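The chain below stands alone and is given as structure tokens, in the form predicted alone.
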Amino acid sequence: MSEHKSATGPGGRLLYLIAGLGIVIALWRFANGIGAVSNLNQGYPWGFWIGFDILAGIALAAGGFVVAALVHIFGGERYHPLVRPAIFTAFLGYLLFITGLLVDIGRPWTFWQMIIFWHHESPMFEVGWCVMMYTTILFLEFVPAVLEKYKKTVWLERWRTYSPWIAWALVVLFTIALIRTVAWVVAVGGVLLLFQILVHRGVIRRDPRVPTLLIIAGVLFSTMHQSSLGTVFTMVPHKLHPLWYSPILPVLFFTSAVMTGLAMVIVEATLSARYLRRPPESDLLSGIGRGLWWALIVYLGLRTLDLAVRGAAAEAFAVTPQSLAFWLEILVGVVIPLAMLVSRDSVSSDRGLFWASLLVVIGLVINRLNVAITGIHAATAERYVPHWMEIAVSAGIVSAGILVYRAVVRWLPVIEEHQHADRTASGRTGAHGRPAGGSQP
């Protein structure tokens, strides 16, 4: 199938149609107000867009910082071929999340106020700044793909020279905006400055591909705002159902983002390999699958312990819409994938690993919608059911993202051309890209 046909086939035309419908409805929303396209009310001022586009969307983009940290900080060098696709997926995901947020807020021309007016007491201020800073970091991390495409070696060297200092400046600026304490600003800036000097002088090993300080900044920003989204909901203990409200909600949000980031790496790599008609990175993905299994264990353990300590476990066995939604989330997103990944065959099988990871992704989406919608007790008698236009806008954003991803992976060296052949030649993979001798679960 040619590139043209693959982009304009039935699937491609459907994506264009859904994306176009989403754009039309978004424009209608700006022209006539949010009430024209949504069922939001005084009891539910946050709805599907917050739960899906923002809470779920940010978690689904966590693969960028998880894989980057795994390779460039924790020494998982063998997983390097997965870094750039994960970073691009994260970068695209954050741009889509920002687009959805602008549609939800309705006044995108006022975004600059967050930069000028610093509301230090607001968790949303911290989330907004983290997203702004991390999107910039993701842009910097993705720049080499463009420079390599057009063979701009001089600019690539300049990127390696200046990008760590840009990352340093962003972290220091963020510390000034959030903490306002001179001692903390000097401490954070000084430690990172010392680190970069030691790298520059060769005391700390320099990564020739990506400045380590750039990766560190990305991990810092990601960790803070993934958890801070949970912090936002700790402010409403009287409104959020006990099955989801918890004082450790920031920890649960971060942990679930890490496990979903690993799952998204597997899903994205499998689908992109199929789209590009290449064998999947089976040996690498099976290793990610083993990490996903442990992440699911940690998350399930934390969730169970939290419910037991708070005395909220009984709520899970009451016959209510909330308990049914809770079990759907846990079974689909945690228990069934765990059972699938226990098997050696499932971890070694491209298909089994893909479906287990896809269930984790679906479970995360259910969890975030439960937190944002199902678990909310409204103070009024009004109830909220998402309007079809709300769902259409989100579907349009996702469809546009898929179209952009398909175009970019064919245009830029996001997925290395030689990686499959190299590993096959080195004997690390067998036929069809699968590990020679099988993977260990």
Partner chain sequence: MAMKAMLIDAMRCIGCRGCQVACKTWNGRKAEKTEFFSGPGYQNPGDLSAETLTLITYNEVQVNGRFDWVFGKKQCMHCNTPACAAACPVGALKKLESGPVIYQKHRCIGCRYCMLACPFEIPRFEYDSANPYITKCTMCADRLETGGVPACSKVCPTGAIAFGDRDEMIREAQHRINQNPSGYYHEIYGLEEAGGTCVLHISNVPFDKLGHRTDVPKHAVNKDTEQAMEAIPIVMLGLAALLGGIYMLRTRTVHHESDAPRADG
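Positions refer to the first chain, counted from 1. Bear in mind the structure is a predicted one, so any value in this text is a computation, not a measurement.
Beyond the structure shown, there is the form predicted together with the partner chain, which is absent from this document and is the topic of what follows.
Residue contact with the partner chain in the predicted bound form: residue 318 places no heavy atom within 4.5 Å of it.
Taking non-hydrogen atoms only, residue 383 never approaches the partner chain to within 4.5 angstroms in the predicted bound form. The closest non-hydrogen atom of residue 340 lies beyond 4.5 Å of the partner chain in the predicted bound form. The shortest heavy atom separation between residue 191 and the partner chain in the predicted bound form is within 4.5 Å. Stretch-level contact analysis of 278-286, 161-169, 77-85, 349-357 against the partner chain in the predicted bound form, using heavy atoms and a 4.5 Å limit, identifies 77-85. Proximity to the partner chain in the predicted bound form, taken as a non-hydrogen atom within 4.5 angstroms, holds for one residue of 324, 95, 132, 204, which is 204. Among the residues 252, 369, 267, 216, the one placing a heavy atom within 4.5 Å of the partner chain in the predicted bound form is 216. Although the partner is absent from the chain shown here, none of 309, 400 and 411 has a heavy atom within 4.5 Å of the partner chain in the predicted bound form. Contacts of stretch 208-232 with the partner chain in the predicted bound form, defined by any heavy atom lying within 4.5 Å, are made by 208, 209, 210, 212, 216, 219, 220, 223, 224, 231, 232, listed in sequence order.
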